[in-house]
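The chain that follows stands alone, in the form predicted on its own, written as C-alpha cells.
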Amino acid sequence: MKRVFIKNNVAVILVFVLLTGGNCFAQSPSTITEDFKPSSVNQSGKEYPQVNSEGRVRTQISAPDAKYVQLDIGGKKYDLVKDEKGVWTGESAPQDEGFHYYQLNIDGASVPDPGSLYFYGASRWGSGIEIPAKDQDFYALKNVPHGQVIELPYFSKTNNSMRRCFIYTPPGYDKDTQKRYPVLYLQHGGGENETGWSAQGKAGLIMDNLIAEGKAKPFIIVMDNGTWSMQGPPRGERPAGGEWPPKGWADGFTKTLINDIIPMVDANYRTLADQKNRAMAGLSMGGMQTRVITLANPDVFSHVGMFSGGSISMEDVEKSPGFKEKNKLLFISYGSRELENRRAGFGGDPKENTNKLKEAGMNTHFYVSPQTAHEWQSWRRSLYQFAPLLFNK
C-alpha cells in the first residue's frame, strides 16, 4: 500500500493507492459527521479516542519522530495524518455498535492507545472502545440496587497452583444471610480471561438491571479462566488435517471446574448446590467448552447457554446418556453477521440443530443478535436474553 498525503489550507485528504488491484479510495474530512465525543471507556480526563454518530472512531497521539501511525480496528488499518506539531490524527470507517478492541501501529509496532482504558483480549492487555448502541440501556449504570463483583484467589489441587475467579453476587446477598442462590458458571472466549465478562461484557450491570425490573431471578455468577494450550504446533496454529479442536482439548478446564471451582464456590457461598440450580454458559471458545462439559456431565448442570460457540445436535444428545432427560434449558445464540458469513457452520446448522431438539421435546431457544458479528455486543445481548430463562420452575 502506498500512502500519499495532500495538504492545503482547507483540508487534508488521504489517498490510498492499492497497488495489488489498481483501485483508489479517497475520503475527505468533509464527508465525516463532525459530532465526535470522547469514548465512555477513556482514561480519566483523556479527550481521545472519540466516537461520532456514524460509529467512526477518531484517535490522536503525539509521536513527532514517527514515520507513520495507523489505527488498527475491526481487522483494518487506517492511516493517521501528522500535523506541524507532530500530532497524528485519523478516523476509521463506521463500526458496529458495542465494544471493540483496537490498537495503534507506530512504525510497525502495535501498541495500546494511551487514551483508553485497557482490557484483556487477543491474549494481551490493550485498548477498547464503545460504539454507543441503540439498546445500551440494558447494560447502563442506573440508580438501582447493585450486586458485587469480587476477585477471589483460590488454590487448585488439579493444577497445583493458585488461580483466581471473579464472582458476582446479586443485590441483597449480604443482607439476608439465610437465602441461598442458584449459580451460573460463565466462560470467556479465546484470547480473553476471567475479567472479560465483568469488564467488556458488563455482566454485573446486566443482571442488576434485570433483577431490578423483575425480569430475572437473582443468582450467583462465577467467571473463571478457561484458557488452554496444546502440545505440538505453536499457539494459535491449527495442525494440518484432523479434527479441531483436538480431542481432549477441554479436559484440563473440565477437571478444574468439576474438582476445584464448583466445590470451592459451594463451600464458600450460599449456593443451592444441586444440578437443577446449576447452569453453565460461555461465548465462542467458552461456548465450545460449555458444550463438551455439559454433555459429559448432565448430573452437574441443568441449564446450558452457548453464545457464538457452535450448537448441540441430535447426534450429540444421543451419545450423551441422561442429557436430554436432565437438561432444563438449552440456549444457542449468534450475531446476525456470523450467520450471514457462515461462521456458525461448524457442527451443522445451529438453528436447525436447536429446532430438532425442540421437536424432540427439549426446552430450546435460538437467539440472533441483530447487526452484530463475533463481538461483545452479540454476547451482552445473549446474556440479557438467556438470564431471564434460568432457574424458572
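Note that residue numbering begins at 1 and tracks the sequence as displayed. As the structure is a computational prediction, the values presented were derived from the model and not from experiment.
Omitted here: the form predicted in complex with another copy of the chain. The next part is about that form.
**Q** Could you spot which one of L272, V111, A212, V81 gets a heavy atom to within 4.5 Å of another copy of the chain in the predicted complex?
**A** Only one listed residue qualifies here, and that residue is V111.
**Q** Considering T158, Q148, T89, S320, which brings a non-hydrogen atom within 4.5 Å of another copy of the chain in the predicted complex?
**A** So the residue touching another copy of the chain in the predicted complex, by this definition, is Q148.
**Q** Give a yes or no for A63: in the predicted complex, does one of its heavy atoms lie within 4.5 Å of a heavy atom belonging to another copy of the chain?
**A** A63: contacts another copy of the chain in the predicted complex.
**Q** According to a 4.5 angstroms non-hydrogen atom cut-off, is G248 in contact with another copy of the chain in the predicted complex?
**A** So G248 does not count as contacting another copy of the chain.
**Q** Any chance F219 has a heavy atom within 4.5 Å of another copy of the chain in the predicted complex?
**A** Heavy-atom contact with another copy of the chain at 4.5 Å: absent for F219.
**Q** Are any of the heavy atoms in Y367 no more than 4.5 Å from a heavy atom of another copy of the chain in the predicted complex?
**A** Outside the cut-off, so no.
**Q** Look at the stretches 118-126, 275-283, 251-259, 299-307 and give the one with heavy atoms within 4.5 Å of another copy of the chain in the predicted complex.
**A** One stretch meets the cut-off, namely 118-126.
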